[in-house]
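In the form predicted on its own, a lone chain appears below as structure tokens.
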């Protein structure tokens, strides 16, 4: 860690010595591992080490950057000179400048981002994990075919330095287990002979964060076989319950809609909506990089701005966009410490179980999958291919597929009626299940 800090500091000094007025450096070293198993045979196994350095310089309100995978002192010196030379021919940009010194810093709390056990685990055990996961699924249901059983891990060392006096680094670990299954649909109907497929996984910063392998295999099998015999639903307008996966997809679009870059470019349906009510009071959306052990946590952002929690939507009111310094300058605001994107972006859980939400629907859809490019956070339009399970009298009844679900993001947020209490903390964007009052289903 001390080595990459020194390299980052050296890069800043080299840029300044070449004539830059300001300099920012991000340096990262990654150790990656992945293994994919099928029919108990290792199909792919990859171990790699990668390095990246990015230098951003400015002079006379002009800025330019250069990047490399070579971290030798000679390469860094040349890279800094290249960035400064390029800067001289760029157009002026009055909005670019470093963060204010009082915004820089490192969160003092222990975020539990690094767990050495991930790198210490022997390769043969990682392979065995993938094989055991496959075996468990095959033993649960004879109809199951395995598309992929995998284990992956990574350790990243990240150092940020700039000419405003900031230089610090941190280390972060990550691992995940994934099982993708298929089953042939032998029921009578249009899907006969078609393979139905689904997956399940678990991820975390430590191996202990992962769910038990049997639980992952069971959920992957369950999600696969429940699709057998699916039919196309009727065209209608009904309540829709988003499961945790589709809710996450919805929230990911919202994260793009509140991005400062999309706001100042006027390519978001939420541009100009600050301090307006856009959802019911039960909806609160938070971006929190200070949650110990979470995948999106970080002590500072990619500019060295100290991490802090941001309430993006508070009780239905749009409170802030997520911005780095440049985006904030363009908007006449202050950075939210969001350079590098969202951290842990989530809907605050409600009080109801998913079963309670489903039981509130007499006739409607339990949405389990969406596909296509129809989630447009720029215009606010939403129209995607979908799969799910039809709800009758508060009970999951039969699988449905081959239809489109449509609405607008504004209407969908305004119509959120119930929010679940459970979150799967396995990505940086997560959400409990929720219910939307009504959406259009375009089927048969």
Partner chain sequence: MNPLPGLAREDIEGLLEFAISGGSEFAELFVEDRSSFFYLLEEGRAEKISSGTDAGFGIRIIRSGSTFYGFSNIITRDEMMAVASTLLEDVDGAGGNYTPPGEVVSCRGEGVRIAAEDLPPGEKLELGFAADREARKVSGDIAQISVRYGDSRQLVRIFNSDGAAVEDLRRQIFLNIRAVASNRKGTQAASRSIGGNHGFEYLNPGLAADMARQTAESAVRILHAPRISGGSMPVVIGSEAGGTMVHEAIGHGLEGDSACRGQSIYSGRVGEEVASGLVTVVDDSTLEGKRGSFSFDDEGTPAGRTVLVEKGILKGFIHSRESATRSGTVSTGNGRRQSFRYRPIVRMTNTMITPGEHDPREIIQSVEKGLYVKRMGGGQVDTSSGDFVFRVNEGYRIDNGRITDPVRGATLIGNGPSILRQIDMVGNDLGFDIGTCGKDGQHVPVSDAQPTIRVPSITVGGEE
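Positions refer to the first chain, counted from 1. Computed from a predicted structure; not experimentally measured.
FYI, the form predicted together with the partner chain isn't displayed, but the following is about it.
Q: Taking the partner chain as it sits in the model of the complex, is residue 123 near enough to touch it, meaning that at least one heavy atom pair lies within 4.5 angstroms?
A: Close contact exists here: in the model of the complex, residue 123 approaches the partner chain to within 4.5 Å, heavy atoms only.
Q: Does the partner chain come within 4.5 Å of any heavy atom of residue 275 in the model of the complex?
A: Residue-level check for residue 275: no, no contact with the partner chain.
Q: Do residue 215 and the partner chain come within 4.5 Å of each other in the model of the complex, heavy atoms counted?
A: Residue-level check for residue 215: no, no contact with the partner chain.
Q: Please run the contact check for residue 234 against the partner chain in the model of the complex: heavy atoms, 4.5 angstroms, yes or no?
A: Close contact is absent here: in the model of the complex, residue 234 is far from the partner chain, nothing within 4.5 Å, heavy atoms only.
Q: Just one of 201-209, 298-306, 370-378, 104-112 has residues with a heavy atom within 4.5 Å of the partner chain in the model of the complex, so point it out.
A: Of the stretches listed, the one contacting the partner is 370-378.
Q: Looking at 187, 353, 119, 92, which is the one with a non-hydrogen atom within 4.5 Å of the partner chain in the model of the complex?
A: Among 187, 353, 119, 92, a heavy atom within 4.5 Å of the partner chain in the model of the complex occurs only for 92.
Q: For a quick test of understanding: in the model of the complex, does each of 43, 404 and 442 have a heavy atom within 4.5 Å of the partner chain?
A: Yes: 43, 404 and 442 each sit within 4.5 Å of the partner chain in the model of the complex.
Q: May I ask you to list the residues of 44-70 that have any heavy atom within 4.5 angstroms of the partner chain in the model of the complex, in sequence order?
A: Counting only heavy atoms within 4.5 Å of the partner chain in the model of the complex, the contacting residues of 44-70 are 44, 45, 46, 47, 48, 49, 50, 51, 52, 63, 64, 65, 66, 67, 68, 69.
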